[in-house]
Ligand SMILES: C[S@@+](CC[C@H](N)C(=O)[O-])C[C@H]1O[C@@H](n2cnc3c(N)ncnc32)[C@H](O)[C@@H]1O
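The chain below stands alone and is given in C-alpha cells; this is the form predicted on its own.
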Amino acid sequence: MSKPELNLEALKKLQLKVMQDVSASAIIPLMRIGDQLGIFKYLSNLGEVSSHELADKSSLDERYLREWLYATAAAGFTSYNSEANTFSLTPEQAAVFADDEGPASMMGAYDMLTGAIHNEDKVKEAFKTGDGVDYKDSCPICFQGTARFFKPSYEKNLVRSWLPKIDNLEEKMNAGASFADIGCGYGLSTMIIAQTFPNAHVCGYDIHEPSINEARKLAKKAGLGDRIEYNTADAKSYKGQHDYIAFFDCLHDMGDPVGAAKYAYNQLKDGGSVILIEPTANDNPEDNFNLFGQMYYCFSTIGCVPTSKSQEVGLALGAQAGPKKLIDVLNEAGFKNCKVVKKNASNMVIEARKN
C-alpha cells in the first residue's frame, strides 16, 4: 500500500507547532531552577546586570548563569541589552516571575508541569489497565504547584468577581454564615474567605492529610489559625450543616461527583447554595480546541481523570466537562435552581441553590 502524498505546507506548519511546543517544554526545568535559586528575584532587585555581576551577587556559577540568561532571554522571559551585554527584568517580567505574592505570578504553572511529568509512568500504566492513580500517590510537586498556580487568580477574583455573583452571600457571610470549602488543598481559598468575612464560620476539608497539615500551618502563619477549622475528609464524610458549600476547581476530579453533590445537598441549610468554580469549557469538545482547552485537557489526562478513576464510581468528568454536564450532575443530586453566574477566559462559576 503506497503512502499518501504529503501536503508540504501542512507538514511544515505541524512541524513548526511541534518545535514551538518543544521549545516551551525545554524551558520548564530552567524556570524552576530560576525560581528555586532566586535568580528572578536577584534580577528584579539588582536591575540591569552582567552575568558576572549576577554571579557575584548570587554566589552562583557564572557560566551556568550566562547560559540560563541566554535561554530565558530567547524565550522573552528576561531582557537582554546587546550593547552592554547585560540582563534585566521588565516590570511585567518581574510581576510574572519574581513576585510570588503578586496577582500576576505564574511560576506555579511550572511546578504543576513538573509534577505531571513525574506522574507519567503511573498514568501510562493506567492507560493499559483502565484503573486510576490515587491522589495521594501523585508527585508531591503537584500539590504545591496546584496551590501556587491557582493562588493569584483566586486572590484576584474570588471575593471581587466570583462570589459577588452569589445572591445575598456577602450579607449572610457578614452575619455569621457557615462556609465549607471542599477539596481545599493547601487552604488558600479558605483563608481568603476567612480574611474577607471574619464573622463567618469557615471550614476546609480535603482527602489529602499532608495538604490539610500544610493548610493549618499557612493559616497559623497568617494569623487565621483560630478562624478556620480544617479536617481531613472526603466529599461524602464532612460534618455539619452549612449555608454555603464550595467545590473550587475540584468536583470534576471526584470519582462520584453526583454522590458528592447529593451529600452537599443534604448538608446545606434551607436556602443555602453549592458554589462550583470550574475551568471554563464549552459543551462541544471542538469548541475547546484552543490554548486553554489544550492546557486543561492535558492536565486532565495526567491528573484529573486518573484521580477520579481511582475512586468510587470513577465517573471521570474531566477538567473540560462543560456547563451542561456539570449542571446535569447537580440536577441529578436534587438541585433545581442551577445556573452559570459568572464566566471569564479561565473559569466559570455555577450556583446551585437548595430552596
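On a predicted model such as this, the values are computed, not experimentally measured, just so you know. One rule holds for the numbers: they count along the sequence shown, beginning at 1.
Keep in mind the form predicted in complex with the named molecule is missing from the figure; the text below concerns it.
Heavy atoms of no residue among Ser44, Phe77 and Phe87 are located within 4.5 Å of the named molecule in the predicted complex.
Stretch 243-251 is the answer when you ask which of 243-251, 266-274, 279-287, 92-100 has residues with heavy atoms within 4.5 Å of the named molecule in the predicted complex. Contact between Gly185 and the named molecule in the predicted complex is found at the 4.5 Å heavy atom cutoff. In the predicted complex, at least one heavy atom of Tyr154 sits within 4.5 Å of the named molecule.
Using a 4.5 angstroms limit between non-hydrogen atoms, Leu163 is distant from the named molecule in the predicted complex. When contacts are judged by a 4.5 Å heavy atom cut-off, Gln311 counts as touching the named molecule in the predicted complex. Checked against the named molecule in the predicted complex, the residues Tyr135, Tyr110, Tyr230, Phe197 give one hit for a heavy atom within 4.5 Å, which is Tyr135. Only one of Ala177, Ile207, Leu158, Cys203 lies close to the named molecule in the predicted complex, with a heavy atom inside 4.5 Å, and it is Ile207. Residues are counted as partner-facing when one of their heavy atoms sits within 4.5 Å of the named molecule in the predicted complex; in 228-245 these are Ala233, Asp234, Ala235, in sequence order.
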